[in-house]
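In the structure tokens that follow, the same protein chain appears in two forms, which are kept apart as structure 1 and structure 2.
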Structure 1
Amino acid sequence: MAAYRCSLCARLLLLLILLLYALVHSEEIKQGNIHHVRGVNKPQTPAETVERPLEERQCEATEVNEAVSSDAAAHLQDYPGPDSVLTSTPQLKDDFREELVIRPLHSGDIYASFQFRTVWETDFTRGSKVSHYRLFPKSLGQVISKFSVRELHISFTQGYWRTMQWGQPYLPSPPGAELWVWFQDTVTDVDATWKELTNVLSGIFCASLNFIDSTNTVQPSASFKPLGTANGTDHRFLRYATLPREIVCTENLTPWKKLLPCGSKAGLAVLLKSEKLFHSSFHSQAVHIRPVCQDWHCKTTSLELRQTLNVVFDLHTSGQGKREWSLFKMFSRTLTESCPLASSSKIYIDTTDNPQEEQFELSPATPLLSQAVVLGDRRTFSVYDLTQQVTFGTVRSLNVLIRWKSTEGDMLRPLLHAERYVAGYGLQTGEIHTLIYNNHPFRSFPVLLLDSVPWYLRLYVHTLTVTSKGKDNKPSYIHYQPSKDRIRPHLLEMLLQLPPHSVTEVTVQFERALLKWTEYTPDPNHGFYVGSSVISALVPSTVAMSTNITQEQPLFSTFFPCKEESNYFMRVYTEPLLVNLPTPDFSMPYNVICLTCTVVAVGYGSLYNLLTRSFQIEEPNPGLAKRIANVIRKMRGVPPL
């Protein structure tokens, strides 16, 4: 009882102190107990308020010139302050930020990328039970703690990213479903945990992730390194699997939206209406969970959940001849408010190629500009801050409109891109060709190629050739794990040096296996899928990239850690392959049974007959006279004739 009273006193004291604290710093409010009121109780630390004018400088509403933006960029580099949100004092707080990046593409299409980030200052690794959830979705939190997941990356993609037309995506993903997980090194039976995890995730995301088994799971040795803070990179704790056939639709979108703190009720998520999202050229949604540093010293880690959704809308199928895009046209909704739980809610429009508005016209014009280094390139963005009432204007709704002025551009020449196809004809053998293009005029760079091929394509590894510019290109590192029939797939990882301005061709021949008749899919003549190759590369960048990932930057620019100054990390996925296997005619079993029975009956029966019958020489039939004579002789007791 005394102890209870004591703790009560302590709590009261604590409350008193906190109250005082809140009175002093009127804009800072202890989260966790008190609900937010939008626009009033926005947590904002002094550091952030200092930084804001530096980062996004108020420009004249009418003119947006480069001088200002470069000035802003200079300031940005001068003051690389620590991440203000993460360094704020209250313990075990979580933070939610949302943003939408819109990049008008050369082809007239438009690329919209949503990112929602929840950072939770908690640590599952210490084994402490966490039962109180606020912004972080409980369903995922429980999964992470139960299966001792250190990092989890899952993506669902419908369509193939067209690098030649659209450039590089902010977050690449292969067609279908992709899942890769780093487990804690305390996990003893990784395979069993992985199996259980995929089944649970399958339920959470309403996807066929339960089809992930040992025949499509690999452990890449080099291609997939942890993206968060980690000390061990032992690939025994890594599992990677893709399901190239997975079809993504609304039933996957709905559970994904439910993970958001505001759901699809407020904020940017209002725009995520499936009837428009799936009327597009490309759709990809992903969930990334990783541990990140809590502060500059990285003493403690917090858990970061990034939910991303990328979508590309097609000009030709949705425009009535008009070359213009607006939020309403894209999503059939406009924005009226930000998510009240979000500490930041912004829309970025990529205006790098449009400094003088010669490409497209943007309305309403925004006074805010931001610069960020994305994929090795310094980009300029117009920013709409949804937490400011001003953004919504007098009509109290925001409908960003982009009106194209120029006509369609040519195809792009991205620095790195890849394609893959099956060569040959007939149903016995074939050849997988992977072409990797390095379009950099003078620099060569290394890439890691990861190929995971199902066992029913039997790779002939002795036929593996790598050629660039007509010459043999010897990989400096090869990791090959042969397949086992019905147990595990082939895994081929190679470190290749791509010469400048070249095409590197990797070919390997294969033989198509004959499956058992129950192993065929219900639609065997459709073909069998081989997942995308993964190409991870350090691509030379034109802009020296900042090494400080905790610096205040737009979210989409800070995903992959980058160590070398002149390079940036990039991942490229090739298209999946559809390979036909020799397929029996499944109406045949009946015929086969009939035929086999006949053959057995006729062939075997007669042979058996021949082998077992005893042959005797038969007396020729005696004539009638002789028979009568014999009867008489028999009666007489004389031996017959």
Structure 2
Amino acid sequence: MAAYRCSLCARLLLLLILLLYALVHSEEIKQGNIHHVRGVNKPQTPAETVERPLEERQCEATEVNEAVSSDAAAHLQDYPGPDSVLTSTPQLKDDFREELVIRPLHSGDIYASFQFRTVWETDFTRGSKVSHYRLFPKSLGQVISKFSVRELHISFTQGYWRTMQWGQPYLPSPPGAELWVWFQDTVTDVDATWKELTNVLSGIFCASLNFIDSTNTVQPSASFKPLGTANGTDHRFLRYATLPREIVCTENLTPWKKLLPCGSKAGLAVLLKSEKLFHSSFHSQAVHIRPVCQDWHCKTTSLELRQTLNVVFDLHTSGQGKREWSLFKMFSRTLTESCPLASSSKIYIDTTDNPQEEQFELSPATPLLSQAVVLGDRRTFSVYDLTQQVTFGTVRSLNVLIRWKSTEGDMLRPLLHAERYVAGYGLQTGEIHTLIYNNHPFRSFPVLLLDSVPWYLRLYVHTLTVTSKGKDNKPSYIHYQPSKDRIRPHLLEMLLQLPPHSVTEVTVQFERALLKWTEYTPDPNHGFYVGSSVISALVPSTVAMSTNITQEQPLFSTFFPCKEESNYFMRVYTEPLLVNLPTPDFSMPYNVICLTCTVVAVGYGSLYNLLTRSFQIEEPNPGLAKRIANVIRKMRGVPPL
């Protein structure tokens, strides 16, 4: 009992000593923190700050940052003073610009191109962690940081761009969905990262990008170069895929608009009304992320997010019947203000073919004019600056009206144009024809042709022929990667020289493969889509293509970099192909089920009826005379007959 009491007293004494030590230690820490904070808040004259050594000031700032709690440091950074010893963290600068380009087409249609650019002075390639987002969308920033993305280009397109009727678009894109990504060289497993990235993007844009797998993904070797400031061209970190059957709908437009700093509440984005955008001949929305230079010396880089939306309104499907366009007729809305977060908000009307207002008339008129080199041609634009209140007038509403005066005028033929089709008969073999047009009268230029063909179309590469003006045109570079059944598609890249004013035809034969019955689509008789061919070229130009990416030029003229003064870069997409494959009669299972059920019902039913039925002998009924006699005999008490 005494030993128990002694042990209990020892425990109580030890606990009391520990409690006193903790109280003394916490008091010392509190006094030290107060001393440091007072030293920080104590003002210093500029002379004292200069006299103190730089190393001493840096050391003191480090000690203060370590001692003061995070809340106190954040409070002090909110009220920085000129003589404060604390070194405040530099704020990341970002800038947002928005533009709308309207180009009247000679066919009577009208082409509208929206450009939204967000530039953020940060560099994810260095592994920096960013937790504060202002203008740049956080969802895309986290994706770039997590998957080590260097460049990302994604587009969703409904319809086909008619080059011979509309000319060249500012930013081309193929029908369906297109995605190509450059990863950083720190990625170890590119295929696994690519698969995870497509699944995440599928959720962000509400699209079917999760159907992108190894069977429709290729690794181009020359056709797709980085569009940003990256120097490395190791194509092991490049992936390209298309979904030509992807349908673009409102569910894809809504998340795209939410990436904008002002959403669809202010600025040019208020015109993006889905009922009007999807009631058009052509609609394409895209997101491009790439690193760009902050200045001319390019010592530091920024991250550029460019959201583009291109739409072509048809004269006849709009139901108006006359060549007169306005913002309200195109989008059912007018503009009342610019985005408050935008440093620049402008509308450009292409008036190159209308110098004296002979073709059409603009209302309200604007004195601002701008010239820019677009697709090798110097264009003139009338500019409406939405950041100026004078633009909206007294009614505080802007409704640009384009009223046509004359229908005369011819459109210049595009210098580069391509088309593709499938030839042959039957469901066993076929032939793919690709026609590339060089409409330049006296200059030839090289082009890069990329073809990605699914594995179920087995190409016969020995049948590949290239002809120009009836003569063989031998490619100077060929890269071919054969397909593997249910693993990867065919990849064919060629460098061709197009003679002036010629048509170059590329043909290759193929054989249709037999699919498993589970590999067919729900509507197999509709056919199977083959993605568009991609043609990249440096097309001759008569004017110099500037490489300035600063804010002196409109956004729509500064996307593709070009260093040659006599050429400009152009990318052309052909039509997607629709190929029929040998398709089994999927109604046969239904017929077999019906026939089997009928046989079982008739055969087994009859046998079961014979085995389970009980038979009884039934006596024949007596005649009428006999029944009368039996009644009489019964009355007489005599036994019946």
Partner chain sequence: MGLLSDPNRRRALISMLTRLNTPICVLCYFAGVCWFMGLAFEPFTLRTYMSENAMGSTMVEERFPSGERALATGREFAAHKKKAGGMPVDWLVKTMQARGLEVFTQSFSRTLPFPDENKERYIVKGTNVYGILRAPRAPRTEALVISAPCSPGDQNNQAVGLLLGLAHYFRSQIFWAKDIIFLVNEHDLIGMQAWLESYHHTNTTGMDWSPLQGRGGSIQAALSLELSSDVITSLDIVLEGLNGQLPNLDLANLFYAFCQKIGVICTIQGRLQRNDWDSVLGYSHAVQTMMLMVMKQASGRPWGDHGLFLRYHIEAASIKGINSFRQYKTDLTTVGRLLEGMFRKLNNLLERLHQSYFFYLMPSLSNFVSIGYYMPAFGLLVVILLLRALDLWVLIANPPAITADGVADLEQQSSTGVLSVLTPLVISHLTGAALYILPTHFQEIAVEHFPVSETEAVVLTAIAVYTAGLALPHNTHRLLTGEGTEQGWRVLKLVAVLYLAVLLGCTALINFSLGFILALTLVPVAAFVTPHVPKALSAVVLVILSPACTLLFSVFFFQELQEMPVSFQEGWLLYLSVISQGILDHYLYGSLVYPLVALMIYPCWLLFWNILFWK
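For the two forms, the rigid core is made up of the largest set of C-alpha atoms that agree within 1.5 Å on superposition. Remember, predicted model here, so these are calculated numbers, not experimental data. Residue numbering: structure 1 sequence, from 1.
Legend: structure 2 corresponds to the form predicted on its own, while structure 1 does not. For Pro582, a C-alpha deviation below 2 angstroms is recorded between structures 1 and 2 after rigid-core alignment.
On rigid-core superposition between structures 1 and 2, the C-alpha of Asn609 is found to move 30.8 angstrom.
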